[in-house]
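A lone chain, given as structure tokens: the form predicted alone.
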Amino acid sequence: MHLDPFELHRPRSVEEAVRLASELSGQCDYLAGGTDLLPNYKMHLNLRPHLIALEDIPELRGHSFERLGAMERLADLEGDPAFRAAYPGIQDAVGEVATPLVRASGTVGGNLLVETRCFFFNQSFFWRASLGFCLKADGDRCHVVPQKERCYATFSGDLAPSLLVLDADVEVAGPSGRRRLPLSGLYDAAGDGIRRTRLAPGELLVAVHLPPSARGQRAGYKKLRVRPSFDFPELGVAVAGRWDGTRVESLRIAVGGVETYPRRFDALTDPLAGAPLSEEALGRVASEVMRGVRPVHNTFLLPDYRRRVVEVYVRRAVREAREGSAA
């Protein structure tokens, strides 16, 4: 595998980056840590002749209890004990991303916007050519669910579920200016494995903003993967909540790694507020979350197994969060 030639641009501000993306419309990608994009380029997956590197833009760096820059390295979050104490669920998710070497380069924004994955897509050019290309790269049909309209590649980030349960917002910049929206609004539930976000052409993720209510919640993240030392999630379950003794004050559950976008299940958790959470009630919620997801056979683990583990992980994550330990 090798990288084909491309032209690298190094803007010094968000505005310059957005202007370049507008001028190079349809011919460029933003380059953050490169831990996902560059390996995909080596496999000739959706190549662009121009890359806009973001590492020289100071505004995209840094983290605090209220703001995470999109270019902040995951290792920098992982190495901050005060941040870990304030946001144990985020730290759980960060620690589950790939390996320490990848986390040293990988970024917050890159993980939120990581490419969806499918074992018919994440292959070499020669492998894909021998089978016949797919909707997501070079072809006109899906091999997972044979048809020519929808891609079923799976959302593969770890941070999104842990930030969704904390009501995080994202700040984006584009040709029309800046806007801020809930993280849940970044992902397109009506889209697919190709059209997976609601970002307009040329828009750039600038930062994640955390509300005051996010700090100090009992939270955690559980991840299913084939190789615990490296792999993308086959399933990720995030939980965050507050308890008054045994009584639930608030509870949020989000699931990633099983569909084309990460999902929160407020309709199941909102009715729990104000009452103790019995094992029977927890079992009903976990079972309903399991029934609400629709994994397909596009990863190494069978969809029925992944769906059944959803119920197990929801139970475990909520129990451990309730007890105040890391999930």
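Only a predicted model underlies this, so the values are computations on that prediction, with no experimental measurement involved. Note that residue numbering follows the sequence shown and begins at 1.
The same protein also has a form predicted together with a small molecule, omitted here; what follows describes it.
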*Is the small molecule in the model of the complex near all of D29, G157 and L204, within 4.5 Å of a heavy atom of each?*
yes
*Report the residue, out of G292, G283, P271, G34, that has at least one non-hydrogen atom within 4.5 angstroms of the small molecule in the model of the complex.*
G34
_Partner-contacting position among I90, A240, A254, L74 - heavy atom within 4.5 Å of the small molecule in the model of the complex_ = L74
*Which of 109-117, 208-216, 162-170, 78-86 has heavy atoms within 4.5 Å of the small molecule in the model of the complex?*
109-117
*Just to confirm, F232 within 4.5 Å of the small molecule in the model of the complex by heavy atoms?*
yes
*Is V97 a contact residue for the small molecule in the model of the complex, using a 4.5 Å heavy atom cut-off?*
yes
*Within a 4.5 Å heavy atom cut-off, is V258 in contact with the small molecule in the model of the complex?*
no
*With heavy atoms only and a cut-off of 4.5 Å, decide whether S124 touches the small molecule in the model of the complex.*
no
